[in-house]
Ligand code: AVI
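Below you'll find only one chain, the form predicted alone, shown as structure tokens.
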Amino acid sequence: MAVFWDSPGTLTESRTTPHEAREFEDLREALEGSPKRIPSKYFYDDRGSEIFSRIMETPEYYPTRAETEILVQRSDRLLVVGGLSGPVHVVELGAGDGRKTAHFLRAVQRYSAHLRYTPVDISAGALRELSQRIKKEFADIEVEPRVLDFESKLESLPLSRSRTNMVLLLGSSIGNWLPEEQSRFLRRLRAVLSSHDFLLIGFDLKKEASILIAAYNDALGWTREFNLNLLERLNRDVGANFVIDQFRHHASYNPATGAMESWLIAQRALTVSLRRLNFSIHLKAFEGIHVETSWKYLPSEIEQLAHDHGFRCIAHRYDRLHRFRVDLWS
């Protein structure tokens, strides 16, 4: 689907046309590179968002539970240290189903009587469900969902000039980008924020490899389905002809980089056409398409990341098992 923003609170959908498919043009460079890859932003169509909600409920996938624990038990302390007061505009990037965010919004309400919430996501379906739930739970919060690919259109964020902006980037989403992409994103975000604004950002920490590997290879197979849905999406949205059952999901930890890596491995030699983008790719037998890198962090690496990009870490909190960390940056 191509999704368009009409007016605050209104989401409409239309079938993708060849002209609209220009948004997928970065696929050519990614799929013709070495190794071939699919940018992680394409995970989150409506079906991908639905599957990821199921992943978050699996016993192996600890990040959601760890981050939720922090937001439930530590949000007030983060806000006190930050000195938050007055009208606040919470802008959540990659909001998904927003279940964790509700805990943080309750905390913000205790410090701000005038709260506006703008969830930003590329999935209209996820935003629709999230907005309905937040409006039901928080009758006195202004909710203005925004369908937007914030990675490429960060300068289009609907930031407020009259309120303190609190930008949320949860779920260790920052770790899904290459180091140069992380740097580019943080520099651009710093440029659009004012000196009185904040960034609340989550980081998955480095830990025992077996814990990481299990989290990306859940027994129910939801992570496998999540990754294969990328091919389903390209078949639908850009006229590709991937045969799904000819690929296998593979995830492993790379100790040299400190990151989990996910691949889709072709089970035989294939030629795949992406009709609406006017190019084809050739895959050798057992060649992989890289679909995700999820970087894990040491505390010192987090603090260096903030410093290098013009932010100051004014508070941070861990879950009780020290598997995850949430930072408040100014």
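The first residue of the shown sequence is 1; numbering continues from there. Only a predicted model underlies this, so the values are computations on that prediction, with no experimental measurement involved.
Omitted here: the form predicted in complex with this ligand. The next part is about that form.
Student: Report the stretch among 273-281, 50-58, 66-74, 297-305 that approaches this ligand in the predicted complex to within 4.5 Å, counting heavy atoms only.
Tutor: Correct option: 50-58.
Student: Would residue 216 count as touching this ligand in the predicted complex under a 4.5 Å heavy atom rule?
Tutor: Yes, residue 216 is a contact residue.
Student: Can you check whether residue 104 is within 4.5 Å of this ligand in the predicted complex, heavy atom basis?
Tutor: Judged by the heavy-atom cut-off of 4.5 Å, residue 104 is well away from this ligand in the predicted complex.
Student: Please determine whether residue 46 contacts this ligand in the predicted complex, using a 4.5 Å cut-off between heavy atoms.
Tutor: Answer no; every heavy atom of residue 46 is more than 4.5 Å from this ligand in the predicted complex.
Student: Is residue 173 close enough to this ligand in the predicted complex to count, meaning some heavy atom within 4.5 Å?
Tutor: Taking the distances in the predicted complex, the answer for residue 173 is yes, it comes within 4.5 Å of this ligand.
Student: Among the candidate residues 229, 112, 118, 223, which is the single one with a non-hydrogen atom no more than 4.5 Å from this ligand in the predicted complex?
Tutor: Selected residue: 223.
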